[in-house]
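A lone chain, given as structure tokens: the form predicted alone.
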Amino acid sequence: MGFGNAGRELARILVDRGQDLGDRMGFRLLVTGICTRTRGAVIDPSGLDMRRILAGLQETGALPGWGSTGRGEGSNAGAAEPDTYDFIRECPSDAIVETTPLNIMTAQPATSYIETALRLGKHVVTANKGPVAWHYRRLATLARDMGVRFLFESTVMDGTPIFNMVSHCLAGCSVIGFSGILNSTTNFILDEMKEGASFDAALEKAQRMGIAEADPSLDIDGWDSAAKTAVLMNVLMDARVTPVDIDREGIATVDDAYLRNLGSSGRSLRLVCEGTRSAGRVRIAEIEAGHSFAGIAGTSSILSLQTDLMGEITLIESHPTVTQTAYGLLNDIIEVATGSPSH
């Protein structure tokens, strides 16, 4: 569900590694359907030829087939937008991979898609942080009641194994707090301003390079970081918060001259996410030159977990690409197929 950058990269990994995965992991993985809002949809119960799908998409910009009510790869119902709920019901599958566009403020319609799939007894793997930030407990409970999995490793720090590490490697250990730098757009803009660029010039450069979206407000105003903070609090500490509950700052009001002067002292400025079970915040913080956060720049990110039995554990992801996001999805798919313990 959704076939943007992460979905297409996952498809490429499956084309390149599918046979090896089957040999090593002991299961066969078939993609039986793809549904998009603007490129059409396609279903084939015997399994889609992903190499041909990717080539065709690059050539025509659209998927072959399904349309709004079709039943197979060869059928085409015209240019009508596919009905996503029909697709979820009709596509024969054990699991749904949900990568539809993020809506940080409502988490819809992705949450409804996920809920529909879970109620049909389908596992769900998602890279969409919205449903986990807003409705984690409800969706996790529904998945458990239906005897299926709801997994979301790619929602924070791409494919870095945060949730897998805590659930599989820290059994009996409690996360009591965290802090991290989790937004690459603000990293880039603050670094450019530190070198003398204005905020507007730094933002424009980030957009030209593809680091920032055409509408970068979710990053600049701290909403992306607030959503990730809510995800971490909800999943790791059962906090039951939403992004609007997070005390939030953005970087739009940072003074250029202040930032340049700060740089001359060896310190840097970062948008930092912090959380405990009772409170979360996103704040602009000065980072000392020797701090573990000092080297986090560009698209890199860092997360430090405070635990009761293992002290502080820090994870760093250096300059990830969409491949890391796709790998997070693949890792969750493998966990569904192999039956590892749930979160």
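We number the residues from 1 along the sequence you see. The structure presented is a predicted model; accordingly, all values stated were derived computationally and were not measured.
The protein also exists as the form predicted in complex with another copy of the chain; that form is not presented, and the subsequent description refers to it.
- Only one of 254 to 262, 138 to 146, 225 to 233, 159 to 167 lies within 4.5 Å of another copy of the chain in the model of the complex by heavy atoms, and it is 159 to 167.
- Contact with another copy of the chain in the model of the complex, defined as a heavy atom within 4.5 Å, is made by none of 31, 106 and 210.
- Not displayed here, another copy of the chain is approached by residue 330 to within 4.5 Å at the level of heavy atoms in the model of the complex.
- Residue contact check for residue 197: none of its heavy atoms lie within 4.5 Å of another copy of the chain in the model of the complex.
- Another copy of the chain in the model of the complex comes within 4.5 Å of no heavy atom belonging to residue 15.
- Interface membership of residue 171, defined by any non-hydrogen atom within 4.5 Å of another copy of the chain in the model of the complex, is confirmed.
- The partner is absent here; in the model of the complex, the one residue of 60, 292, 38, 278 having a heavy atom within 4.5 Å of another copy of the chain is 292.
- Using a 4.5 Å cut-off on any heavy atom, the residues of 276 to 315 that reach another copy of the chain in the model of the complex are, in sequence order, 290, 292, 295, 308, 309, 310, 311, 312, 313, 314, 315.
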